[in-house]
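Heads up, the chain below is alone and in the form predicted on its own; it's given as structure tokens.
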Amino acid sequence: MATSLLITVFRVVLVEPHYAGNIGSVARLIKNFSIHELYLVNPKAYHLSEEAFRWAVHAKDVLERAVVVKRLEDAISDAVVSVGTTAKYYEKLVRRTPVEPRKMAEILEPYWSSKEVAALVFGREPSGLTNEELDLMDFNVTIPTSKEYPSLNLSHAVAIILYELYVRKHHLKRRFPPPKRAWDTLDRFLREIIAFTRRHNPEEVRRAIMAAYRRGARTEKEINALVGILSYVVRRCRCEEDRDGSKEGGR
């Protein structure tokens, strides 16, 4: 498929960026890699300042189109998938186990030919994303760096992520990612099944399972297959509950 026919729906989200130069540099990268959509969450620097324009060079239009919102939720509410960037590798929390940029690009490859929104979320220059913000993500990505000096400049991190994403364009197959309604259906059945188990931490379990499937599921057909199994389990659980209720009522 010709590159010109691809529909770009990726959104770069910067959470509380502190420096206008970084905002301008990211705008330039967005244009370099055909992303074209920039959201700024409660920015600490002005994105239309002279410094931001200077670093954006020929991407001033990206800055002028940038959407400024107060909360991270406002920037990702319409996204079918949100990916958070983190410098930490969480081994104990399944839902926060990050993938590397190349794997992320493979997972998100179908979105180059989809009308669904995929959000790439980057944290503050000094401290990154908070744990609460990472909890809002569908999965996380980390860039391997030296342990001696692991921190990257914000624009450098964005460059690496967008480069890996763009490279996948050249390996693109005609395949469409699961739409939001498919993920919502899966989430609904998971919630119901987990409720049957009476786990003390149902939300933690749900997030862990959803994060694992977000990292692995590639098509709506795969999601529908899983939903079919889960819906059968839900029906069986309901039947068991009804049967148990009838026995107790007959005593």
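This one's a predicted model, so the numbers in the text were calculated from it and none came from an experiment. Numbering starts at 1 and follows the sequence shown.
As for the form predicted together with a small molecule, it is not shown, yet the points below apply to it.
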Check your understanding: Of the options V167, A159, L136, I143, which one has a non-hydrogen atom that comes within 4.5 Å of the small molecule in the model of the complex?
Key -> I143
Check your understanding: Is there a non-hydrogen atom of E109 within 4.5 angstroms of a non-hydrogen atom of the small molecule in the model of the complex?
Key -> no
Check your understanding: Taking heavy atoms and a 4.5 Å cut-off, does T86 contact the small molecule in the model of the complex?
Key -> yes
**Study point:** Touches the small molecule in the model of the complex: S77 (any heavy atom, 4.5 Å)
**Key:** no
Review point. Is N131 a contact residue for the small molecule in the model of the complex, using a 4.5 Å heavy atom cut-off?
Key: no
